[in-house]
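Take a look at this single chain in structure tokens; it is the form predicted alone.
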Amino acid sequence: MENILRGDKLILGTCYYPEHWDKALWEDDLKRMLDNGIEVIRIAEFAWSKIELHEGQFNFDFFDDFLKVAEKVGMKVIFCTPTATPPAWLTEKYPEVLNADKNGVLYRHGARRHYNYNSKKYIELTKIIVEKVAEHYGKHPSIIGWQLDNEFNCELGEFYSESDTLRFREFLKEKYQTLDKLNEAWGTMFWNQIYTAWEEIYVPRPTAFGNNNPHQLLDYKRFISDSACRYAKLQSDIVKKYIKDGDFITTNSLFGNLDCCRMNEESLDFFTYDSYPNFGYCLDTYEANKSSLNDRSWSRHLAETRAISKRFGIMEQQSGTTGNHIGMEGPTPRPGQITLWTMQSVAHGADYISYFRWRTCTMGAEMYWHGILDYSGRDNRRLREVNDIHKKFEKLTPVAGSSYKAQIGIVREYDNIWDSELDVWHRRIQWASADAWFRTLQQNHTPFDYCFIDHMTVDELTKYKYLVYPHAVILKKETVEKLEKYVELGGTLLFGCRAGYKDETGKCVMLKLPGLIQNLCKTDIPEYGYVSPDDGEAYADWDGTKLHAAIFNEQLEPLDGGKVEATYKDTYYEGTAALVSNEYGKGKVYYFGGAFSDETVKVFIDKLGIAKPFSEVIELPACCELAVREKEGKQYIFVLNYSKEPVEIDVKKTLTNLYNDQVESGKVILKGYETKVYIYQNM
């Protein structure tokens, strides 16, 4: 069998924990998986003690025995480095490996991810266990790939141990070289925070009113990301020495304070994501999020994964109800929803889907986190649905290796992501605009990509006709140069308010706004502020179309070459410019002085001709998602109905349904949660 993500087939897998089950179950479990189309399993991410129960005493018998069974039945295996849960002997003997909360209280043994990346002792012990495991299993014929650790920065994305403080100082020395440069970057003259020795600097600690230095906090997030990336690379470099040609290295899921693009580039062959759309229905949050897209909102995370790694898989795909002993209660997937969520992942580019998990655990913190099978292990509805998905995957073989097709890119940078988590002004506009762009593009069937611009070339950006950078608060010269070149070559670029008002340190610039992009946008911003209740509705007129100007308004003043496209209405600054455009090279730039609401995004995509690029082929109701993958001139159109009710779609061209090879056109009914995949060859 070809390894996963080779572009030749879609493959199903599942997560399996042989240490949780009697050995008598192993062979039957693996055979049942194969009978239902599951060809790959992931093992060992939490099983350090099965190999090193006592320090320095290594025993491989357990996994040797299991892998003999896997080899016998023909099951392929992804083996994990077991560092996400250090064993009790380790944390008891070496408490310096433990992470701590902001008050310095250690997180003790008994959960997971309680270690820190910077403990010299944990790094030493990590090198030993990873070396031993990779050396012993690297050439095993059943193993096709390796997962590093498990869910870096999950649950705990902040680190306050003594080891972290020591490494933070080293990180800052490498970055700034001198204390004078650090004091300048952090603006320590404010509130008399000046540092005169490196030993005076700590990871953020509790302060009066929680007012930590914002520039220190931004560097702290960069430090956490750097620590995780260095730790992943340490493991990857060891594993690479031992694995067979063609075997891959990956890790799983998206969590905060982590430059996943860097980790992917430095340490991985591709990235995998853990997709749990059922979180959209978690009983403790659903009431507060009824207006959201619920399970459909997980397409945003899949789009982010695709931006990190063009080839990607799903290491944990929802297959049962979610829940653990402390919360996160979610309903059981309804008939059709496992298929829906699987095809949601495939639609966004995943060629490998691994369900979490095969058997539901009968013990521990995740005993309510159900897998394909319930506690009894008997065949059930969910297993029959997985079997049906396998049959669909066989029909979808041509889709493997294809690329997601989008004409619009939404620009992202980790510095601005992290700053929006720290800065309340930035957060309020960024999160509202991000939601509005995602929700409106989804409901208007306009596929998009996220573009992590600091990890992309100009050539990669030019594949998009349109780029949107909703709030480019922190702007670096390198970013501006890429954007200028993109527009110069013919692209259309849209900015929202608050662009360019901070530099790389997070300090406000002493430039006329929008700072480094003023020449590109040909506008000045002499005044700005939050929309006040006294300002009325806060909207602008764009050639007779109402343009909602949400949350924050900038009063724009066009410079020579800038053209006023829209002016504010119903405010004290009525008549001033809200939207300015500029012809630049072969392309065009728009600068909008507000945040984005759903209504605002709808106006922009209609005015700029972005909306519904496949409307001549197929029309869908808003409750359905449209995604398109493309390969060798053929387009694969995914239609996903997130509603429990039947809906009608309009197939305007004659299309072939890949599930059954039937030709369809005209009005077609999709049942609740039903999916379709059409093939379309645009001549």
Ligand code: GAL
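Computed from a predicted model, the values in this text were never measured in an experiment. The first residue of the shown sequence is 1; numbering continues from there.
Below: the form predicted in complex with this ligand, not depicted.
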Which of 376-384, 98-106, 390-398, 271-279 sits within 4.5 Å of this ligand in the predicted complex, heavy atom basis: 271-279
Gln317, Ser299, Asn252, Thr83 - the one with a heavy atom within 4.5 Å of this ligand in the predicted complex: Asn252
Gln344, Thr126, Asn150, Asn118 - the one with a heavy atom within 4.5 Å of this ligand in the predicted complex: Asn150
Any non-hydrogen atom of Trp369 within 4.5 angstroms of this ligand in the predicted complex: yes
Touches this ligand in the predicted complex: Trp26 (any heavy atom, 4.5 Å): no
Contact of Phe356 with this ligand in the predicted complex (heavy atom, 4.5 Å): yes
Arg167, heavy atom within 4.5 angstroms of this ligand in the predicted complex: no
Contact set, 98-124 vs this ligand in the predicted complex - heavy atom within 4.5 angstroms: Arg112
